[in-house]
Structures are given as structure tokens and as C-alpha cells.
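There is one chain below, alone, in C-alpha cells, taken in the form predicted on its own.
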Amino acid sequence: MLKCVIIGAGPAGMNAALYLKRAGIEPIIIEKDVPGGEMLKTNKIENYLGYESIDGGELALKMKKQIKDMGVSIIRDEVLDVSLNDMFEIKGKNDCYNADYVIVATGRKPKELGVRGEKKLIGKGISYCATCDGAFYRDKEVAIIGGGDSALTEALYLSDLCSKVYVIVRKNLRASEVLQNRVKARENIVILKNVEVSEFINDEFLLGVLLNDGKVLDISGLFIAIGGVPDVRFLNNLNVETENGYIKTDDKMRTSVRGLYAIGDVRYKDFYQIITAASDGAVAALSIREEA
């Protein structure tokens, strides 16, 4: 019998595990991929207190080591279904688990642009992760779609590799002033506002994009950074209250189902940052300690 199962090993899930373990409540983490979540796709993090600058993968490894050293188990499995009888029953691809409490910390998957032909060009010119795939486009012209912090961070990363980087923004930039100033200072970054991609130009691979103002960009790579979509289909049997696809919680991270908590990018809130995800994890763990 497990006291608490955490689904997802991003900063939210790992910090929840740390706080639970310190409170004397035994957690296990179930993660279908590599621990770290979206941090693994981030080249440089400069807004996490305690580090002036740190690679996302390095920060993820530090978090993982800290909780592993405390004796927290991270199990590689994918959760398919969660049901509730006397206690929670978590069905994974490889095994089944029981717990008194469940914390959902599964984050978001990248949002697709929705232009015809997008899926068939993934890996053939279209990517959702500049850190993962940017090196394939060294000394070539590329574009990134999005105006938030993530998009501009990736634009800066790509500008060190590529000959030119177009930033395509549907309206105006929403990123922090620091990032906007850095982007504007790069000679090989061109910002295109109030435009959208209406068509992909391609044969087997991406050759360019047609914008809705009629302009054609001859690019080899297109990176899409327009936010994410939470995947919570494994909660269908619990009828959890959601908003715009995100799980609704109160200020203690409690969902509409007693004993079920949601933290990080999977829950409905105003700001999605590593620091706020970690904070959510701490709050959920402390709330469970009060209730247990």
C-alpha cells in the first residue's frame, strides 16, 4: 500500500516528493519519460532563484539526485487510468498501484499550430523543441512561432546556430522586457508582428512558409512555441472538474475529487514557470500532511 503516488517527474512532481518525504509520508513518482519535464528542452534558465544561469537538463539532474538521495522511488511507467474505490487505483502500462492520495503533475504537451500538413512535416522541418533539434539547422535560415518567454528563449538559442531567425508573432510580443531587448539586439533575428503562417511550402521536407500577408519565407526549419495542452485522459473515470482542458484546483492544490491533487502546468492558473510549478508541489505536499 502506498501513501501517495505522484504522476509526473517535472519540477512540480519532484518538489512534491521532497516535501512529502520530509513530512514522513512515503511517495513514489511514476514518470513515462525522463525526469525533468519541459526543463529538459530549455537551454538556459535565468529566472530560478539560486542560479544566475543554469542549463535545464542540469537543473533537472540536480532535482532528481536530491530526491533519489532521500530514498524517493521513480518508476518508469505510463499511467493509463486512475479510479477511486476505497482508495485510488492507478493502472499503468507495466503495473498497477494503490494509494491514499494522488498528485497529478503531468505538465503539458506542445500545442500544434493547426495548419494543414503539419503532422507529416514533424521531424522533416517542423519541431517543437529548439534545444532538441536546433543543431540540425546550423548555418541555415529558420523561423519560430510564438511571442512568449519560451519562444524568445528558443530564438536566442537558435541565433547562435543559424544564419537567420524569424520570430513570427500573431499579435505582439508577450515575453519579459529582458528577453525582448536581447532578441532585438541580435542582428540575425527578425521579428514579424501581426502575421500568421497560412501554408507550408514543401516537397518531402519543409522548404518555406507562406504568411497571411502574402510574404514567403524561404526557411529550412520551423519551430512552434505557442504553449501547451495538458493530457489528462487517464482521469476520465474520475470526472475531475476542468477549465479549458486544465484541472481546476483550490489554493491548496485540491481538485474536485477528494484526495486528488493537481500541480504545475497541468492545473488551471495564471502563470506557468518552473518556480511556480515547484511551489505548487510544496503546497500540495503540505496540504496532504495536514489532511493525513
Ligand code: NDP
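Start at 1 with the first residue shown and count on from there. All of these numbers come straight from a predicted model, not from anything done at the bench.
Below, we refer to the form predicted together with this ligand, which is not included among the displayed structures.
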Note: exactly one of Gly146, Gly107, Gly125, Gly134 sits with a heavy atom within 4.5 Å of this ligand in the predicted bound form, namely Gly146
Of these, Ala151, Ile90, Val142, Val209, which has a heavy atom no more than 4.5 Å from this ligand in the predicted bound form? Ala151
4.5 Å heavy atom contact with this ligand in the predicted bound form for all of Ala9, Lys64 and Val102: no
Counting only heavy atoms and a 4.5 Å cutoff, which of 168 to 176, 211 to 219, 186 to 194, 81 to 89 contacts this ligand in the predicted bound form? 168 to 176
With the partner left out of view, is Tyr272 within 4.5 angstroms of this ligand in the predicted bound form by any non-hydrogen atom? yes
Residue-level contact is defined here as any heavy atom of the residue lying within 4.5 Å of this ligand in the predicted bound form; does Leu156 satisfy this criterion? no
Report whether the minimum heavy atom distance between Ala225 and this ligand in the predicted bound form is within 4.5 Å. yes
Lys120: touches this ligand in the predicted bound form, heavy atom cutoff 4.5 angstroms: no
In sequence order, which positions of 94 to 123 have a non-hydrogen atom within 4.5 Å of this ligand in the predicted bound form? Arg108, Lys111, Leu113
